[in-house]
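Only one chain comes next, encoded as structure tokens, the form predicted alone.
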């Protein structure tokens, strides 16, 4: 059976299961649509939360970022520490208290606690911005997976994914989504760990990838540690050592903290804890979620590092048992004709992997050419200008002028190569021009990993199903958060408080449909790869929702004026800082500063700024509250009732 048919069968079976569960668990009331009737078992909720949480960013992009990070893999461990640490904050500081509040949504809590429709409305705005930013990454993940494994265009893949989400999210609501996510968790965890076990056995001889990461490198006879081998190979090719320390500990700390408090402030995660029967269940389901998430997150560093080594040894066959430069780079002939390298050809067709034989020697040299960045950019610009002119049927004089400009850019790059060394020789001495792996998208590393390692076809099909499960489960949770914010908090909370339950349920489903259409459109034009876009959502959640919830639960003095101004400052400050480097509203070419460390204020990257936004939110809220009227008595009593269990009685001595 060919790979395409196998992919189609495995993905088709999983999709049929998801739709079948949605039909079985169809929501019949607003309580079921928003919170699954608050009757989900903590273990089931933990599993559903794990699937809700482990998005396309976790499944597809995270290991890719760890694998290919220019600064090395250690710096990117911030993703692991931040995302798992956030669940500890959730379990200890937020989940039980929000469940005790007993309502359906985060804006509803903020509106009641800060006794203000304006605060609730602002929370709705923040929630929608965060969720839409986040959902872009999920739709991108769906498109990438479909385009490769089902051999359809990225656009068609998005439409298919949107239709599946529509089928189980619009009709099932939280009830349908919850039980579908349980099935999706099972699919994605199996799909992630099975290839990792195969690859760990091949590279280190260890069954558990977690042990393989710190084990010995098997092809060298076990005389060298796996990570030492990886460091040796990548540094020989001019890259930063994989285990190198972070260049900026402050930035790494702020980024980790931003991810951590952002996790605790993500609305689609928080609403999961409204679905359990009791307050104690909210805390235990957060614990179970952490267990289920850790099953994937402890494997991710091994997947990233092993993918990096496998990819590099594919490009440099000599690196398998010796030094990379002891043998020639992989040849174009091998790429075209060797069945073991068929994955290169298939991923090239998606545009996510681009190889160019720049020096015409019939081989593909893969190395770090960061010192040629300016020259590479000049060649790229000249090439594009010439292609555009030819497409526009420009006159011969203009074409000649642009051809001369391209030739000059190429000559400048070759001249610069006389100053850049790899393995003790200059590029000019080696006859190299530049890195001939022109593009390798972070998002393909997990998806291509089984093919790079030559694993069986059913494993590759399973990875496709797992990637789709990860993206679709999180997309459904985000879309539900958007839907409930519009129908419950905006329509019922502000526009039409007297709407009937049937009318509200219809409004929720229409809102969900609208959100699916918008997210699909954004998925067609994503601003970046999945995990980077998601990191921006975390920054916004960290700077807006998390501080408001913390102050709402643990401070009796913070009032509506303080909360509203705090959230506004956090939202505006964080958004503007991100847009300065990423482009206004992520529109390419509108950035004010180049997104490089040299341009960061105090060395703080736009992905780390959420922590500063949160600090400003807290500072403004407390300062404004201190000089304005205290909250009314009933609000103080609400805070006390959330934090202190009623009817528990005093402790007695025995």
Partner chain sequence: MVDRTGHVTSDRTSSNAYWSANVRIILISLAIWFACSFGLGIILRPALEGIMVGGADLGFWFAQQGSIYVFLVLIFVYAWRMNKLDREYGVDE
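Given the structure is predicted, the values throughout are model-derived calculations rather than measurements. Residue numbers count along the first chain shown, from 1.
One more form of this protein should be noted, the form predicted in complex with its partner chain, which is absent from this view; the next part is about it.
Proximity of residue 287 to its partner chain in the predicted bound form: non-hydrogen atoms within 4.5 Å are present. Looking at residue 47, you'd find every heavy atom of it more than 4.5 angstroms from its partner chain in the predicted bound form. Residue contact with its partner chain in the predicted bound form: residue 494 places no heavy atom within 4.5 Å of it. Taking the partner from the other structure, its partner chain in the predicted bound form has a heavy atom within 4.5 Å of a heavy atom of residue 260. The candidate stretches are 127-135, 205-213, 572-580, 172-180, and the one lying within 4.5 Å of its partner chain in the predicted bound form by heavy atoms is 205-213. Residue 297 is the only one of 458, 198, 297, 514 with a heavy atom lying within 4.5 Å of its partner chain in the predicted bound form.
A heavy atom within 4.5 Å of its partner chain in the predicted bound form is found for one listed residue only; from 316, 168, 87, 347, this is 87.
For the partner-free chain shown, nothing in 332-348 comes within 4.5 angstroms of its partner chain in the predicted bound form, judged by any non-hydrogen atom.
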